[in-house]
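Have a look below at one chain only, the form predicted alone, in structure tokens format.
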């Protein structure tokens, strides 16, 4: 039987689909469309030892790591735009030996999620050949053997099986990713879980299709009939989605195309605090642990700042905003 209404509160969805040690992924790209409301809820609930997958993420990854939620990370890049070209808590956790990282190129991560979405064990590529990505591994053999969800090898360099029919003698085989749960934020979703993303989709579509469970937060929650009018604009079918949570500004402080831009003031304040332990804990206490939910964070930030980052109807982003 098809479940026709998957709408629930975000707090309920996180409690239902998350657990300590979960293999999870988050959508978005650097300072764009991170599922921040969901991430803050995960942080407040205090989940630990998470195995996190992300394509190239920013605030979401950094906040999860800074809160001590993540033990292992597989990613291509973690940066917060001009405010932190390399995410600060991410870098500190690696330097302090508190986080194990397996790094891939952007294209490799895209292919890994694609393989997971296609239900195949790996994808071939030339990306990474000649680089340290192929020789530097973050997870030990013992760790891989202890956790059946971690692939036996980071990647495999194989002979091109088609010989003279390809220009390359060697190819890199990268393993599929199939998370326990994926969190993404979209502009529009219906009550059944069909999703429409405006602008760049990054790896979100492949992540959703690769994951065993998918929790969607959305700016607009609509009846199924609205998205059926132009189905060619819908990227994620309802059958992949486990829960739909209506959370306006659910990507804040990152940008959501055609709705609002990233909050440069917030990200600058975050970066300044993240560099020093005591200041960071004060920032967390005020903006994450000190608020009941995402709406309370928005109330704390204030209507004036939210108005300042509203998207320009023509460009889809805020204009005349100081981004440095």
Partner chain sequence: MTATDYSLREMMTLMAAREIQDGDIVFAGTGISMLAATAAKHINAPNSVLFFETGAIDSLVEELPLAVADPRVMYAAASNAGLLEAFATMQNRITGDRVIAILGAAQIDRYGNLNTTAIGDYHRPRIRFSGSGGGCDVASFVPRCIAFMQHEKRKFVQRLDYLTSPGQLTGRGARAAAGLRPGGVSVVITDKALMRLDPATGELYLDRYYPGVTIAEILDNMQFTVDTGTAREADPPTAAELGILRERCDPQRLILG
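The structure presented is a predicted model; accordingly, all values stated were derived computationally and were not measured. Positions refer to the first chain, counted from 1.
What follows is about the form predicted in complex with its partner chain, which we do not show.
**Q.** residue 55 within 4.5 Å of its partner chain in the model of the complex, heavy atoms
**A.** Yes.
Q: State yes or no: in the model of the complex, is some non-hydrogen atom of residue 206 no more than 4.5 angstroms from a non-hydrogen atom of its partner chain?
A: Flag for residue 206 set to yes.
Q. Applying a 4.5 Å heavy atom distance criterion, does residue 238 contact its partner chain in the model of the complex?
A. Answer no; every heavy atom of residue 238 is more than 4.5 Å from its partner chain in the model of the complex.
(Q) Under a 4.5 Å heavy atom criterion, is residue 248 part of the interface with its partner chain in the model of the complex? (A) Residue 248: no, not in contact with its partner chain in the model of the complex.
Q. Do heavy atoms from each of 266, 279 and 301 fall within 4.5 Å of its partner chain in the model of the complex?
A. Per the other structure, none of 266, 279 and 301 touch its partner chain.
Q. Looking at 177-185, 84-92, 238-246, 223-231, which lies within 4.5 angstroms of its partner chain in the model of the complex, counting heavy atoms?
A. Checking each option against the 4.5 Å cut-off leaves 84-92.
Q) Pick from 101, 150, 192, 155: which residue has any heavy atom within 4.5 angstroms of its partner chain in the model of the complex? A) When its partner chain is considered in the model of the complex, the option within 4.5 Å is 101.
Q.
If you apply a 4.5 angstroms heavy atom cut-off, which residues in 181-210 are near its partner chain in the model of the complex?
A. Heavy-atom contacts to its partner chain in the model of the complex: 199, 200, 201, 202, 203, 206.
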